[in-house]
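Same protein, same chain, two forms; see structure 1 and structure 2 below, as structure tokens.
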Structure 1
Amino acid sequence: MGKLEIRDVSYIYGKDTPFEKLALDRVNAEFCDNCITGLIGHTGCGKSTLVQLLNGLLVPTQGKVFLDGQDINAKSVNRRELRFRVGLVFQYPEYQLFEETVQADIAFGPKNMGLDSEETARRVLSALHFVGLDETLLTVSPFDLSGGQKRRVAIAGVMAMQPEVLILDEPAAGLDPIGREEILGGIKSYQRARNSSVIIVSHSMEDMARYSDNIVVMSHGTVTAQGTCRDIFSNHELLTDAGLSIPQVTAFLAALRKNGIDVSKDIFTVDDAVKEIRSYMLRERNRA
């Protein structure tokens, strides 16, 4: 069973008004424990609606959301606590900073959880470390930072709450390659260190192939597939139908197969492609 599960969930915006819009249509999905799930899909497919259902910001029109097997919208569930357990980092979170110093901004969450100042300070430092920022920045105003640094402070602010599930909506959007790698790499090491669950919403197939363990594919308000990276990225048709692309290196190996070279379909990163082609060369040499 997954850490988070949604069963038969529909969501309608503006229900019973002329603007009624069905955003999610009887969706079933499972987000694994202690791993990274990539949530992919074209714009308007319902990804952002889905993540807001996962921490109770939106309540399903129909169906249920389960955290550790418990219905999060049950009356007995404390909503405030739920949001400490499922942390959500919105898209472009750098616009949400508001405190006077980086330290205070990151500490805002843990403080609100009622943690003492010692524990708060410890968590601020550890979160700062995961997002790759220097301690000297703690006393600086977040408004004096670069866009990329602000984004990291905002992510650190949610990491510092150490939620059981950390959800990030497009955490690397608009960053340059090194910035992407640092943020996504930081999220991965946070996940590995804390053994928590992480859900990343992304448009980049290349990034998701590299950083996630499982993938959930959404299209037009439904979940069309879920599985391991291998299951999903080897199914080219499925991705194209969902308005998505496959990683370029995967497309390249497909083209190579068309040219009569027998290499694996299940290659999603450049490193693996290098290994596969070298092992192909070895296989051929041994045969000869």
Structure 2
Amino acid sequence: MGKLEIRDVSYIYGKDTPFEKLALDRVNAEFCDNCITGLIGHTGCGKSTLVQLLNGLLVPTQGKVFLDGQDINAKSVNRRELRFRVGLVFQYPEYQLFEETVQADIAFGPKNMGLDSEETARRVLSALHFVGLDETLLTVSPFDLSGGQKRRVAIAGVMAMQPEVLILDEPAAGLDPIGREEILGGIKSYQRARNSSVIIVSHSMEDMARYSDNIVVMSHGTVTAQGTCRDIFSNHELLTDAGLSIPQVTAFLAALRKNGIDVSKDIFTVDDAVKEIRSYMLRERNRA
């Protein structure tokens, strides 16, 4: 399991002070279990606030957050156990590393869960595999690693707790294309292997189209749409109104259509675009 739902949630920073600011306004959304959901929206729309509500770091000013039908802010809920069930990786998590070795940093969460040394070691190796790091780095200080490697260690530390829901706030921010693909590909492999729920916050429409199953769109503190990648990325007006762009490959195929080339407009990834263009070329060859 691992289905999160928010109902009529609002959040106000600095409530009843001169600095009061409404960050979320009566938000309703569902994050399906056993899939990857992309959370997209313009800067300042409330994405980071929303994900902090999902594991109880923030409490709604009004409304409720549910995990598998249970209000996570009910008095009967153990907050410590909740954060083992809903793991949150903040943006630039590499700045939160603190242990002497990579192994100790990744093992910190499982140890705090009360797991024995054998199970902890197994989870450390599994998480290390998903983020694409070699076992030879286990004895190395995390502070001697590159920026991208540090980020992978930080993500692995949350993966090692095997939460029912894994939330990542801009996990590929600032990385080069290869680094982005390695980290996001590892997250997808983790999700498929664990059948867990994953929520990824991102500004990259290309990344979300490639790695997400479903999309939640935010704009100005509200959720304006949610659905499959096809539902969302085929609605250009919706994305424009939310201050977002369509994936570049979708724009490219739209330009081809304007120039009389009969290709589908509902293409969102490079792999699908290659297949579509090859299919078009084959059709044209058969007509010749």
Partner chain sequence: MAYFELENISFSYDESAEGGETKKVIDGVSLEIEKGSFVCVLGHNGSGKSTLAKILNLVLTPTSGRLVIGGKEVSGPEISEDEIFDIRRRIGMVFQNPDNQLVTTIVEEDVAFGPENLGVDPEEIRQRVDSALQTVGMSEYAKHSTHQLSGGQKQRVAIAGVLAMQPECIIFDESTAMLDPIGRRDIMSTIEYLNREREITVIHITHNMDEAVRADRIIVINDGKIYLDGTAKEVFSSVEKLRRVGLDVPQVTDLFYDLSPYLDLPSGVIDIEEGAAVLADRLKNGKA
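Here the rigid core means the biggest group of C-alpha atoms that line up within 1.5 Å when the two forms are laid on top of each other. Every residue number counts along structure 1's sequence, beginning with 1. The structure presented is a predicted model; accordingly, all values stated were derived computationally and were not measured.
Student: So which is it, 1 or 2, that shows the form predicted in complex with the partner chain?
Tutor: Answer 1, the form predicted in complex with the partner chain.
Student: Is Y280 among the residues whose Cα moves by 2 Å or more between structure 1 and structure 2 after superposition of the rigid core?
Tutor: Yes, Y280 moves 2 Å or more.
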